[in-house]
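Taking the form predicted alone, here's one chain by itself in structure tokens.
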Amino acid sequence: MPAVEAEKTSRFRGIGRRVISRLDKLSEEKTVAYSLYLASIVFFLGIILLPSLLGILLKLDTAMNVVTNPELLNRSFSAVFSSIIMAGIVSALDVAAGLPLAWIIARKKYRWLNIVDSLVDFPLIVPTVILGYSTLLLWCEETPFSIIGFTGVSPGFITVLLLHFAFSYPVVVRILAGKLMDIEATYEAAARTLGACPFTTARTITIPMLKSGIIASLILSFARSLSETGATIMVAGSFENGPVFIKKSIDAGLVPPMVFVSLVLIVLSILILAGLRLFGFKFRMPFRKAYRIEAALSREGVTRVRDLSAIIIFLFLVLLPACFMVLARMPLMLSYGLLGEIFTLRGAWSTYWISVLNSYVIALLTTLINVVFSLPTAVIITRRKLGGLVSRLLEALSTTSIIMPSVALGVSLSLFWGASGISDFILVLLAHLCITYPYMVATMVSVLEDIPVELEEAGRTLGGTPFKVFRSIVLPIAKYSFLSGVILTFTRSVNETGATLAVSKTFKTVSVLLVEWVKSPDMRVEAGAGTLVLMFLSIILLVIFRYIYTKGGGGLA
């Protein structure tokens, strides 16, 4: 038997080598390379961008009804600016609080860091509507902090801020940690050798090199806050931002306000994010010299307090809201014996497992397709393969689908694809591709921008084909960022709810099913048990992702 297994392994390796050799040869042909770039642009325009916008643009004439109604116009603009302000605050807090934790993951040598690194992905696994309900329980209805006199807050601006911080914070940490791991530590070591304290070194050397990662984090956090609908409605109370206003308009059958607010949000957001990229890269810290206070801030006691503060913020403002619903319902789960019923497929659990399978099939397909088409797009943007104008346009438009509130995106896709007669499975897959595509693109753009072109040119000079240079030089450098993009894409697909509900009424993913259970008072205990099982399954899959990637060494032989 060992000989047979060895023969099979040898055969598979031989096939792999032949495939890689063939790809090496194909990559040297310019027609193949430019065909790949063209295919990625066609995919972006035909599958991601146009379907996301055209469904709404076809109803553009109805938006004039809002302009002629002063009361509705004022309410629409108030909702838009509430969204912009909320997204701006959330993205700033995400980077300010996420950078210290990313620094711990990337630079520290604590034994427990692998656990923290894995737990960062935990909130990404939870469907956002479940996270919204869990946040409502934690901060408003069943807060465990009553023992210290905290009786909770009313749903509104603060609860929305806490919710948006909880689901966007892990995205920022993932990007910044990946970026820090990709930055060569030689420059920091040189600065320390020349007498610079750690704080001065970080401010004058590391953070400027981290600029593209910070900008990518701000963009994704800002866009993610703008788009979330279902979870926001749960904790919004009287607070009304763009997604809440759009959902109310759709429920009332009012198309004009939905179209108007969606378009205004898209236009303003694209302008803001384009400005952030344009002026963010030009920004230079004016303070280049060292200051005495920085030596004090670099002391071991201060850094330990900073690290502890970062861990506490993550545990109490991000991780606890993500799992509180499960913790709060655990006694009832045990008393009902639900955990035993789950794996016997009794009652509603047979439907649950079908929905889990649906979710993972969609998420895996979404991740694979986006990896294939987003990497060439990231190369076009960073290496100006089709000219500067095309690169800038792609860069500006690539976040459009996550700027749109998810329910509005779903409605637009439903209007665009609805008459084509395609199956609900394909509709859901198309919706998930639109929502997750920007995560992979932004993650890879942030790291490719800081990989010197000279490294690739050196590899080509030494006889390497474009594909060999990519897999042997670029991919190993960017391996953590690539893994982060895969994780963000996969988990975002698994927990997507709003757009899925909008495009399909028959094909149910697990997040949609859990939302139905949460909304039903008789099924909330089951929703907690289902969320717990989903968390464990997703963690197992994420561990498998990490194992396969680590086993592969971050590149291809």
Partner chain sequence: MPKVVLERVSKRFGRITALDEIDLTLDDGEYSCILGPTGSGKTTLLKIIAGLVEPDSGDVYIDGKRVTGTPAEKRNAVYMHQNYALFPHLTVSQNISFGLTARGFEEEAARRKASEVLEIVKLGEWANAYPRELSGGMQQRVALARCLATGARLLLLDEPLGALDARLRLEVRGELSRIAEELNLTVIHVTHDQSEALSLADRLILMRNGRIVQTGSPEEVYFKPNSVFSAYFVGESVFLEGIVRRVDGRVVTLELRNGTIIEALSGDGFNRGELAVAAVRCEDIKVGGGPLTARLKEINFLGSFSKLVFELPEGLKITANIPLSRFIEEEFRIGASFQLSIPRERTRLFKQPPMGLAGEIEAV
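A quick note: this is a predicted structure, and the numbers were derived from the prediction, not measured. Positions refer to the first chain, counted from 1.
If you look for the form predicted together with its partner chain, you will not find it shown, but the lines that follow are about it.
- This chain is displayed without its partner chain, yet in the predicted complex the stretch 452-460 from 452-460, 396-404, 74-82, 153-161 comes within 4.5 Å of it by heavy atoms.
- Checking 466, 280, 100, 256 against its partner chain in the predicted complex, a heavy atom within 4.5 Å turns up for just one residue: 466.
- Contact with its partner chain in the predicted complex, judged by any heavy atom within 4.5 Å, is made by just one of 472, 423, 350, 146: 472.
- Contact check for residue 476: a non-hydrogen atom falls within 4.5 Å of its partner chain in the predicted complex.
- Not displayed here, its partner chain is kept clear of residue 61 by more than 4.5 Å at the level of heavy atoms in the predicted complex.
- In the predicted complex, no heavy atom of residue 22 sits within 4.5 Å of its partner chain.
- Proximity of residue 505 to its partner chain in the predicted complex falls outside the 4.5 Å heavy atom cutoff.
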